[in-house]
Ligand code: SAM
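The chain below stands alone, shown as structure tokens; this is the form predicted alone.
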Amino acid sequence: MTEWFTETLHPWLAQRLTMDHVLFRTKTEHQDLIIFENSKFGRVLTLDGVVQTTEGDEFVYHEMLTHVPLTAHGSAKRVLVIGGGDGGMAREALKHSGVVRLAMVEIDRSVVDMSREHLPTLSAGAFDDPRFELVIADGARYVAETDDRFDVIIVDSTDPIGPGEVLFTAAFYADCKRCLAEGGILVTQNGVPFLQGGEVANSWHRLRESFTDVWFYVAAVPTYQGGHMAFGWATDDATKRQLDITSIEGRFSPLGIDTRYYTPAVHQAAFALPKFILNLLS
């Protein structure tokens, strides 16, 4: 008999994936973790009843949360990832040859260990890169206390429930601002606006308490149901969001990075928001 995984993120919408083979299932110190195989999406990582990433479509999410800010910055050397325990964000960011240090702060070591064992294609060797540094800690506490400064901060969080809730607060965004070097960029996971409009609206107001240039950009990730997924963008250098296509191509193409979703044209177009998302920013 087929076993199904039913996502429980929304009370009025269910997503079901067949669990063709369960690879790992446990309750960690922080959350319920399941890794299973699905015939369409490959291996799937879920936390607390919500799909976090799949082998089949992870490239959309990871490419857009790394290549957009790193290309826009143009000279990022130090990158901080909050969350990202599956390693996909580190994998893509470390493809930028100018990066000399990437610190990944993950609250749950089990996510890292089980992803390394059961989802090795996501990290693809990033955990063994000499530029990579793993910190097992609360991300909010880390940015509140560290003396380090970063050119790009990527918040690869769960939704604002459970351990991820603190990563959507004004205080957290202010601490991220403190950790950015001059001209630095913060990007965040901000949910699916059609279904989770409050995440975008709240982050819009909270980010603007600390940053002068705040916006969102979008991408379509198949397993994140509801249409566009939104990524928050915050910096004090407005020119980084307004690069023309020639400038984006001039920065990204020489890197020789092979992508499956991101292109310079997609980078530029992603900042053009549908009207219903613009309405959330009023």
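Start at 1 and count along the sequence shown; that's the residue number. Small disclaimer: the values here were computed from a predicted structure and weren't measured.
Note that the form predicted together with this ligand isn't included here; everything after this is about it.
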Within 4.5 Å of this ligand in the predicted complex, do Val79, Ala103 and Ala144 each have at least one heavy atom? no
Using the partner position in the predicted complex, report whether Val111 sits within 4.5 Å of this ligand, counting heavy atoms only. yes
Verify the contact flag for Val152: yes if a non-hydrogen atom of it lies within 4.5 Å of a non-hydrogen atom of this ligand in the predicted complex, no if not. no
In the predicted complex, does Asp138 have a heavy atom within 4.5 Å of this ligand? yes
Using a 4.5 Å heavy atom cut-off, state whether Tyr217 contacts this ligand in the predicted complex. no
Within 4.5 Å of this ligand in the predicted complex, counting heavy atoms only, one of 47-55, 232-240, 209-217, 251-259 shows up; tell me which. 47-55
Since exactly one of Ala124, Leu134, Val166, Leu195 fits, which has a heavy atom within 4.5 Å of this ligand in the predicted complex? Val166
Judged by heavy atom distances of 4.5 Å or less, which residues of 54-93 approach this ligand in the predicted complex? Tyr61, Ile82, Gly83, Gly84, Gly85, Asp86
